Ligand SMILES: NC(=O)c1ccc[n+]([C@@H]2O[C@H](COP(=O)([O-])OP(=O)(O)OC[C@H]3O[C@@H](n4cnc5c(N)ncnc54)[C@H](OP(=O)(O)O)[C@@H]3O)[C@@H](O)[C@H]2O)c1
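Next up is one chain by itself, shown in structure tokens, the form predicted on its own.
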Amino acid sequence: MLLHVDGEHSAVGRPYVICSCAMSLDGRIDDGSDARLILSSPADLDRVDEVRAGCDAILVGAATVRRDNPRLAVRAEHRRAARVAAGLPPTPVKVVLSGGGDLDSRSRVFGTDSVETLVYRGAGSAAPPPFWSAALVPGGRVSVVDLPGRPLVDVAAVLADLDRRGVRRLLVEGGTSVHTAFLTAGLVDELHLAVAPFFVGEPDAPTFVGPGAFPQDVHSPLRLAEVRQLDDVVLLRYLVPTSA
């Protein structure tokens, strides 16, 4: 089923990829507490909802599912209705990258939006939990995709598979290892950074990205396409040099 909302298609063989992250002034995406740290303002959360509504799929890593327990859904009813009127599901396909596939069936990503959730696992993972075998979670559908010959989840292989499934526009929402994998592989077309007006200040708090060899370094920087104030949050929207 083609789940395309009008938008870019980056290249033959993969979707157009938007990498989205909210972070503190010191580059942290969370703190060390058990409670989820809210970094976006209400206006920025609404912007993210609009971006989600214009995508075919939303992707996160298993660590984000375990820690933040996101729904990965379009929230505004008028945006859900617009998607349905266009012949699309009310919210995009949900994608989770999980090296071993160890996820809780009660996670909200497997919720009641009646859309498919794709779980990509590395080769050699244990058998999926029984609820995956049934391919049903209350209100939703789950498909497990193993990537033969790869001990870890290969993001290029994931993009190729999503492209074959009709995904043309993908929103990547983290966390650290996922952002790092996509950016170091040169597989991001657009980057949205929402900067919160405070510091976290904890040395062990997770960061937007980890160490790596990034194609967009000092010699090949991203192009700043937009700066927008959303309450006290600042949105920085970047494009890679080859993007339109």
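In this text, residue numbers run from 1 along the sequence as written. What you are looking at is a predicted structure, and each value in this text was computed from that prediction instead of being measured.
Below, we turn to the form predicted together with the named molecule, even though it does not appear here.
Although the partner is absent from this view, residue 63 contacts the named molecule in the predicted complex, with a non-hydrogen atom inside 4.5 angstroms. Although the partner is absent from this view, residue 100 contacts the named molecule in the predicted complex, with a non-hydrogen atom inside 4.5 angstroms.
Residue 174 belongs to the set of residues with a heavy atom inside 4.5 Å of the named molecule in the predicted complex. By the criterion of a heavy atom within 4.5 Å, residue 235 is excluded from the residues contacting the named molecule in the predicted complex. Site annotation in the predicted complex: the residue of 183, 29, 53, 191 reaching within 4.5 Å of the named molecule with a heavy atom is 29.
In terms of contact with the named molecule in the predicted complex, the residue from 144, 82, 160, 152 that brings a heavy atom within 4.5 Å is 152.
Contact here is defined as any heavy atom lying within 4.5 Å of the named molecule in the predicted complex, and by that definition each of 21, 67 and 178 is a contact residue.
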